[in-house]
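Okay, here we've got a single chain as structure tokens, the form predicted alone, with questions on binding and movement later.
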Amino acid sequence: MELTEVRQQIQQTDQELLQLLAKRRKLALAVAEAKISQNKPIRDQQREEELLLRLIESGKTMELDAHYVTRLFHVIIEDSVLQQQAKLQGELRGMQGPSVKVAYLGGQGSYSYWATQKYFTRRAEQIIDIGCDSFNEIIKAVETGHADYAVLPIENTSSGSINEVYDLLQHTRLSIVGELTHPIDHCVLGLPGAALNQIRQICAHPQVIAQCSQFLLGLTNIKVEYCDSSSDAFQRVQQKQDPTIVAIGGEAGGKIYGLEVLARDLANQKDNVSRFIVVARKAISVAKAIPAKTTFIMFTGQQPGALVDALTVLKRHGISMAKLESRPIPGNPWEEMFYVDVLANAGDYAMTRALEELNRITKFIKVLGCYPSEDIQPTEVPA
């Protein structure tokens, strides 16, 4: 066959694949409705393993290797689980409105912009973007009712926790109602025709600079200009129209501003992922069929063994801790507040009892939110 004819058949096949994926997603939502009526958990990893093994065996007869089939269906299964969770949680919360107003850092093309799109696409027909220049502005947008939700980066696998966000959570009345992780792929982006060996200035957000520090150490005579967000960096390069000035950010975001990639894979760690939280004015209840996380802060005091005693409470009630973060308390030198993420539903009996006990032995405790966990770990398949 001629190349043109082959490409036409590929396009037709791709379209058929999209139609089948859309059909499968609708069937997954039908499964969610059945699980809701029967009060069954959203995820059944034993069934997922059986499904993957059956697909691998079937793929072999079609000359499709196991690794290819497994990677493909891990993505499909993850989408199915997230769609079902959103379906169940949406019904529980009565979120039937056609649109949501969401505040996030930067403008179109920033990493927070893409995270916002990723999270709310399956939850609303329309997303009204409210770009902000600072984390404080984001929080105020929701507190004042200008936005329904806010999306905030909380930690990164390369640069660690984002302390400014943790400190804001301590003083706001907003509640965490969701989370998501988003891969962060840093690139050098410049004007068309710009060359990497000619750059003299780099525009980027401070967190991006921290995540790409090893790459930047290899450069000489380069000025770094700190920006409010990656989209802010893109705008500055676009406006200055100087080929020696570049930005560091995501390729998709740079394209919005007409920038081209000069270098890729800049992060200190190969798997560079950011975790974002979603906050709102009202706390939510998480359906028991959905894996949940609860985040709280506590002040244990300075007496010896106080933190150990608090963590022992969680162990005694069978509650797994996902994260422990300490932050200084303003006005109290050398004293710290602890932020704790646990893999538990705040409405469960064990978690309720644990919080009651922690309230008795700590000087201060505050639940920041209970929310569905979107950390969908792939089901492992036996070799």
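From a predicted model like this one, the values you see are computed outputs, not experimental measurements. Don't overthink the numbering: it's just position in the shown sequence, from 1.
Absent from the display: the form predicted in complex with a small molecule. The rest refers to it.
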None of L343, L358, L51, V69 but one has a heavy atom within 4.5 Å of the small molecule in the predicted complex; the exception is L51
Assert contact residue (the small molecule, in the predicted complex, non-hydrogen atom within 4.5 Å, options S158, S110, S80, Q89) equals S80
- Would K101, A103 and K118 all count as contacting the small molecule in the predicted complex, using a 4.5 Å heavy atom cut-off? no
How about K315 - does it come within 4.5 Å of the small molecule in the predicted complex, if we only consider non-hydrogen atoms? no
Quick check on T295: any heavy atom within 4.5 Å of the small molecule in the predicted complex? no
Checklist entry - Hey, in the predicted complex, is Q84 touching the small molecule, heavy atoms inside 4.5 Å? => result yes
- Is D44 close enough to the small molecule in the predicted complex to count, meaning some heavy atom within 4.5 Å? yes
Partner contact check in the predicted complex: of 59-67, 320-328, 334-342, 30-38, the stretch with a heavy atom within 4.5 Å of the small molecule is 30-38
